[in-house]
Every structure is written in structure tokens, then in C-alpha cells.
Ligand SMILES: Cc1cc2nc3c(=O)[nH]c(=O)nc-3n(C[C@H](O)[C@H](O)[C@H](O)COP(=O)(O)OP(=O)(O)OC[C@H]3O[C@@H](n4cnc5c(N)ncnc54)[C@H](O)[C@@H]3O)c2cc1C
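First comes one chain, alone, set out as C-alpha cells in the form predicted alone.
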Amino acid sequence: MILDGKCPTGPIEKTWDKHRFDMKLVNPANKRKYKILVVGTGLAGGAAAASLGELGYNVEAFCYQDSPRRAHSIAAQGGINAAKNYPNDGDSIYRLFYDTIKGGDFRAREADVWRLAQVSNNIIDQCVAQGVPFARDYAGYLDNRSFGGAQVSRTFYARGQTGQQLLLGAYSALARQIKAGTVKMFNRTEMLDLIVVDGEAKGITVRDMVTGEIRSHVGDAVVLCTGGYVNVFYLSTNAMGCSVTAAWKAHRKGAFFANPCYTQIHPTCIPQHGDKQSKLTLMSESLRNDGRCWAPKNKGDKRAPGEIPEEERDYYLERKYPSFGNLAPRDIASRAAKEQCDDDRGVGPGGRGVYLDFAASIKRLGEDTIRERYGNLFEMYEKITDENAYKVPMRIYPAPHYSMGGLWVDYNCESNVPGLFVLGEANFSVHGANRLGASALMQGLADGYFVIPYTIANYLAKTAPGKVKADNPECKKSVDDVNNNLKKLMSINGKKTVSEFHRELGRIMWENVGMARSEQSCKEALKKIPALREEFWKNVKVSGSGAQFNQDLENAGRVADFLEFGELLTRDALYRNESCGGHFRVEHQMPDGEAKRDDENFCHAAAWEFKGVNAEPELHIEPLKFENVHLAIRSYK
């Protein structure tokens, strides 16, 4: 099937404004008749629930944390992009649009990216009005810094904790609507199924994570804002609760999954320190504003960094990409770091690391300035490594961080299942094959504050409110299916823990479908994953019972979904016989080692339809057209 993204036509500068006018509206009195279910309360979900509640809709919001303030958006560090051009350095909406299209290696929809760039400025105004404490310069004006893939300074930030501050802003708006009664909040609740009635999404089935109760909630539309899936690699920078489960349950009910092989490996993370580690820690990309990446020029050089003279250091990003230097995009910077380590020039235990050195910036600006910009990041680094990065360089290595792929959506952020909308990292729409730094927060808030309030009305205006009641047979069937699945997990009583299976899946995925992939490695993974999944359903040990707080059971369900999803990710990586952005097939690279795209055969989004656990999924294609930024070889040299 050829998919239609329903992108508006005409001059791209007018597409979003024209589309907003062309969409249907719901009048204020009628809004009160509709109920919307919002799953996930990070930046996208929190902003959406607050905005829809303020418009007058009845909103039920769900999160698995004990408070929306603990959503994983809190972990974002470096900043949020917007085309304000406050530094007067040549930025514009068009340049942000261009940089994002190019950064994604020409694998995103132009119309969606233009809208993102256009509303970026509104986001900053909204957040400042909420009281978000963005950094300011000496005169009191909002400050900006640079991020990867851009030659202008367009990133607004709050030290190294921008995600937390933005989330507190969204949460304050959400809390106001909870108090007003327009939003009903369900904490400690995990979505375990999507309820589809007559082909439309009309509800969800959830598990109360405290009591174990399984129940269904019905509404007139469902909005998924449940984040990404890179915990399929086991070790990642994501919170350990982050999973593919909500998106995967929707996929199993008919929602197409687009470009799952587009995963981002972040270049600056604290290196893994042992086999028993369960999480990796991000060190913000913003550090590359003032930190310089280098590795020893001599192979096997084990001297302390302070003992290696300047002439024996390879500032490899500055050497390879002089125009962008240390602020090359993430996929490029990650592969470059891996090259140094593969060449036996890595540092630290096992040689899996490179240096991020602040000595030159401290000498130029003073330690107080660096502390003011990144103090909390340096503190975090010292707590984990027991090393003072003001005195010695940080050691960093790439790690799984973000999902560019996700559920397929059209221009209205609506999936192919009518009534199911998908926002933020959970959808595939704007980042292409590689997300630029500081664009995740931008997308989440753009979708939640400025897109979904318009586009969901266009759907609701065509459907009668309250069509599906709680006694609908599909609700009972969904609850029964969830209960049966949980009972099945509990009854296996095998010998291996859930974590052992997750760790083994992560090893298969990282070694075969990680930073570098090949036809051979993908085929190897496609042999191992089904075998591991079969063993899981015969030999997993889930302790406790379902009628209580049971993290073992929660994790078992998530790993079961990862064992199915990992196979789809690998199939997509095998199918996409090219290199683009974060998807690097070793057979397809330029003579200098850069990614080699195949625009003739793969200039499209690949959306997969679920056909059964052990059946091959069906491929659907959405062609990508580039009329405003012409296809070109991506170069940052």
C-alpha cells in the first residue's frame, strides 16, 4: 500500500496556516461532550492533556510513574531549539527547517518539519510565560548556545537540566487543569492494550500497578505520548521503565510502525563499567560547545591524559569536520568515536572511550563560567566516576539514546487507525534518520501545545461523542486478553530472570543491529531473537502475584514486547539496503566512511503492519518528496 501523509499543498510557508483554517472545529459547548484519553505525561503528553483540558474537553491522563513530574522528559539536559535569532547570527525558520531536514539525512517529511520550525518560537514564549527559568545573559535577555548540526546558536537552555524545567512548566499547566476538573489523572497505571471498535480507537486497557486491577477506559479518541524504544538494547540512557509496550500494543491492533531501524546512538555518554550495569548515563551534547573530543594519536597509548602532549592528541572531529568541529551531528560524532576505539586508540577500561576535554575553555573563560553553564553535569559525572572533569578530561562513549522511528502518523499526527493520535518520540514524523540535538523537547512541546489541539478537533467534529460505552464487548475482550497474558507469564515458573532475558536480547541487538549493521549481522539477529523469545515463554521466572505491586511482572510484559519488537527493528534494518543517518549499513558507505544513501530505492518511510508473532509483517510505503530542500549528499566538512 502507498500511504498518504495528507500533507497540505502550496507554498510551504503557508501550509500550516492554511491547514489550520481548512480543518473542522468543535464549538466550546460541544467540547464538553467529548472525552480524550492521553497516555503518557511527559512533555508531549503533559502539554497535550493540559491544552486539551483548557480547551474544555474531558481528558483522562495516564502515566506509570507516581507523578507526571517523573516522566523521562525530565532527563533531557542540553536545551530546546527555536528560530528566534536572538544572537543575530543568521538564523531563521527556514534555516531551522533546512538544518533539521539535512540532519535527518533527507528521510523526514518536509511539511511536518516546516511546521515544527514555525511553531518553535511559540514554544519559547509559552514556556517563558509559565516561568521556565531559561538562562539569561548579563543584560537579562534569553541566552542561546550551539548544538550539533547547526552553525548558529539557537538552543535555549536551563543549565544542564532543561528537560526538568520544561516538564515542570507543562506539569504546572496540567496541575491547573486537574484542579479545574477538566483532566482526571491516573498515576501508577500502565497501558496494556488498545481498544479498537469498528476500526476506530476508542479506549485502552490498563493495569493498576499498585493493586494489580485490570480495567478498561473508553473515550472518543486516544493520544499516545509514550516515548521511545531504545531500551530494546538493554543498556541505554533511557529510564529503566521506558518501553515499547504502549506503541507495540497499538501496533498489534493495526497501527503501522514506521522506520523502527532509525535509532540514535548519542556520542557523549559515560562509558559502561561492567557486565552487571543496568543503565547508562547521558552527558549533554551541550558540553561539546566547550569540550573538545580527542583520542591519542598512538595506538595502545595508556598514559594519563595529562601526560600526552598536544602534538600526540588527535582532535578527530575538528580534523574530519572543520566546518562544524566538535558540534558535528550525533550519528557522525558517534561513528567517529567508535572509529578511534576500533583503531586501538580508545581510552579507559577496555579501550571503549574517548576524551572530552575542557582545559582550553577553562583557560579561556575561567572555571566559574564553565561551572555556571554545566555545573550539575560535572557533579553528576564526578558522582558516577569519582573523577573531577574540571581537572581531567571526561571519558565518553556512544550509547543508545533516542528513537527516530515510531508509529506511523499523517500530517495531523493521526495513525492509520482512526482516532489514534501519536505525539512526540512515539511517532516517526520529523527527525528522519537522525535527530539533531535539542530537537526532542521542541517536537514534544510542539505536538502537545500547538498541533494536537487543532488536529484532534478535525477528527472529533466528524464523530458523535460517547459512541462506545464501557460495556462494549470489545472492552471485555480486551480485559480478558490482558488477564490471560499476565496469567500466562505468571504460570511459566522457569529458571531465568526477566533481566537475564533482557540483557541477552540487548547483547544480540547491540552487536548485530547497533551502531553498525550489515546484511549478515541482521540475518544473524533474526535467527537468535525468535529462539530467545521461544525460550522466554518456556523458561522465564516471574515471582509474586498479579494482584499486587509487582515490578517483576511489569518488566516481564515489557521484555515480552521487546522480544517481538526487536525482530521488527531488525527486519527493517535488513530491508533498508542503504546507509542514512543513524542507520549505518557497513556495505553502503562512501570512500571516506560516511553514510551512502540510495535515494532511488529508499527515499520513503517504511511502515510495517503486524500480521502475527511468527509471521512476516506487511510493508507499506510513504514516498518522501523534497521540493524546498533538494536531495544532496549530506556533508559537515
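Worth saying up front: this structure is predicted, and the values here are computed from it rather than measured. Start at 1 and count along the sequence shown; that's the residue number.
Quick note: we don't show the form predicted together with the named molecule, though the next part is all about it.
Undergrad: Kindly check, after superposition on the C-alphas around the site, whether the named molecule taken in the predicted complex would be blocked here (3 or more of its atoms within 2.4 Å of a backbone or C-beta atom) or open?
TA: After the site C-alphas are aligned, the pocket of the shown chain is open to the transferred ligand.
Undergrad: Can we say H72, L282 and H401 each have a non-hydrogen atom within 4.5 Å of the named molecule in the predicted complex?
TA: Yes.
Undergrad: At the 4.5 Å heavy atom threshold, is E190 in contact with the named molecule in the predicted complex?
TA: Taking the distances in the predicted complex, the answer for E190 is yes, it comes within 4.5 Å of the named molecule.
Undergrad: Does C63 reach the named molecule in the predicted complex if we count a contact as any heavy atom within 4.5 Å?
TA: Although the named molecule is absent here, C63 would touch it in the predicted complex, with heavy atoms inside 4.5 Å.
Undergrad: If we define contact as a non-hydrogen atom of the residue within 4.5 angstroms of the partner, is S334 a contact of the named molecule in the predicted complex?
TA: The answer is no: S334 has no heavy atom within 4.5 Å of the named molecule.
Undergrad: Considering non-hydrogen atoms and a 4.5 Å limit, does the named molecule approach Q77 in the predicted complex?
TA: Q77 belongs to the contact set for the named molecule.
Undergrad: Just one stretch in 126-134, 316-324, 78-86, 468-476 has heavy atoms within 4.5 Å of the named molecule in the predicted complex, so which one is it?
TA: In short, 78-86.
Undergrad: Report the residue, out of C293, A438, A446, L96, that has at least one non-hydrogen atom within 4.5 angstroms of the named molecule in the predicted complex.
TA: The option sitting close enough to the partner is A438.
Undergrad: Could you check which residue among S415, S120, S146, T237 gets a heavy atom within 4.5 Å of the named molecule in the predicted complex?
TA: Looking at the other structure, the residue within range turns out to be T237.
Undergrad: Going by heavy atoms, what in 42-59 lies within 4.5 angstroms of the named molecule in the predicted complex?
TA: Those in contact are G42, L43, A44, G45.
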